[in-house]
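Here you get one chain, nothing else, as structure tokens; it is the form predicted on its own.
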């Protein structure tokens, strides 16, 4: 009888961890891979302990991230404004609850672009240039159009930043999001200036290194990275404004851990998380009032206010048609 009691007790002890593990909650987060996810992981332990949850990250962005959200495979999705508004149009997200996401009140107004998502950090697309090859500091986006640099300037293919550039060129020539023809006409001129539309950051670095390119649309943080790689470049925010690179985050509708997902968004907006976006990634936090002493990133309301951010609610329904025009009118040239 005693032997049975002991054996029964051992079975109970062996089974207990399995039961506890089975009951542990999981939050699945679609996020930009690499350094971005590594940064978010740094503060995740405290969130997991406080909420009794295991956070799992799935590398995904853009179309892939939204596809996972629509398939209800993730609880939280990171994206940008283009995919944020596509997701809203497809009813993919829950509204953020200010009673849970209490850090919303600490953000710059531009970060609160929708009830269904929020900007966690801002970056700047401006002009990167080789000071040994370019006469004088560029001051305007239109410097990319200067004839003396034909064949030696570059930008990416059809992406959110170039959509912003199309809209800017439309506005500078009498158009807007609803009248985009002037923008495409101007971008078609730029297409004739470009020999290579770069697709990867290391590719553009090599083009600068070999002097094939002397000027390009690039990120402030990537120019700092290039300098660390031994390629001496400078960065300028054009007078028309730098183009905003934004990281957005959303709670996916129809998943079982909605409240935890809301708390996770709130965690990303906490002071500690926001400082890491600046310290580790070189991005400007969307939260106001942080002490960023010793961290070399632009950080002010004026800087965020100056960023170019178009009306993406108007753009998203037209993106596919605009992509066709981009390939025919700008790339094919």
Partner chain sequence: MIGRSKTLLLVPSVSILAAFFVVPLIWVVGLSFMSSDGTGKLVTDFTLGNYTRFLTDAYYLDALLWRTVRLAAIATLFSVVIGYFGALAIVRSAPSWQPWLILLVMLPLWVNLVVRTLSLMVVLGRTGPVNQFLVWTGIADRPIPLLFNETAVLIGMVQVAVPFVVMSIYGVLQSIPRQLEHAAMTVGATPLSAFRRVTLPLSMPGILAGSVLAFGINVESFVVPILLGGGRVRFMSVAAYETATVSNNLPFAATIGVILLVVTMAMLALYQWAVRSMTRARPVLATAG
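Everything quoted here is computed from the prediction, not taken from an experiment. Positions refer to the first chain, counted from 1.
Not pictured, yet referred to below: the form predicted in complex with its partner chain.
If you check in the predicted bound form, do 199, 323 and 328 all have a non-hydrogen atom within 4.5 Å of its partner chain? Affirmative, all three are within 4.5 Å.
Scan 217, 220, 263, 86 and let me know which has any heavy atom within 4.5 Å of its partner chain in the predicted bound form. Checked against the cut-off, the match is 86.
Selected contact from 105, 195, 179, 132, since only one has a non-hydrogen atom within 4.5 angstroms of its partner chain in the predicted bound form: Answer to the contact question: 195.
If contact means a heavy atom within 4.5 Å, which one of 105 to 113, 138 to 146, 168 to 176, 86 to 94 is the stretch that engages its partner chain in the predicted bound form? Result for this chain: 86 to 94.
Please check if residue 50 has a heavy atom lying within 4.5 Å of any heavy atom of its partner chain in the predicted bound form. The answer is no: residue 50 has no heavy atom within 4.5 Å of its partner chain.
Is there any non-hydrogen atom of residue 239 lying within 4.5 Å of its partner chain in the predicted bound form? No, residue 239 sits far enough from its partner chain in the predicted bound form that none of its heavy atoms falls within 4.5 Å.
Does its partner chain get within 4.5 angstroms of any non-hydrogen atom of residue 319 in the predicted bound form? Result yes; residue 319 sits at the interface with its partner chain in the predicted bound form.
Look up in the predicted bound form whether residue 224 has a non-hydrogen atom within 4.5 angstroms of its partner chain, and give yes or no. Because no heavy atom of residue 224 falls inside 4.5 Å of its partner chain in the predicted bound form, the answer is no.
In sequence order, which positions of 195 to 223 have a non-hydrogen atom within 4.5 Å of its partner chain in the predicted bound form? The stretch touches the partner through 195, 196, 197, 199, 200, 203, 206, 207, 210, 211, 212.
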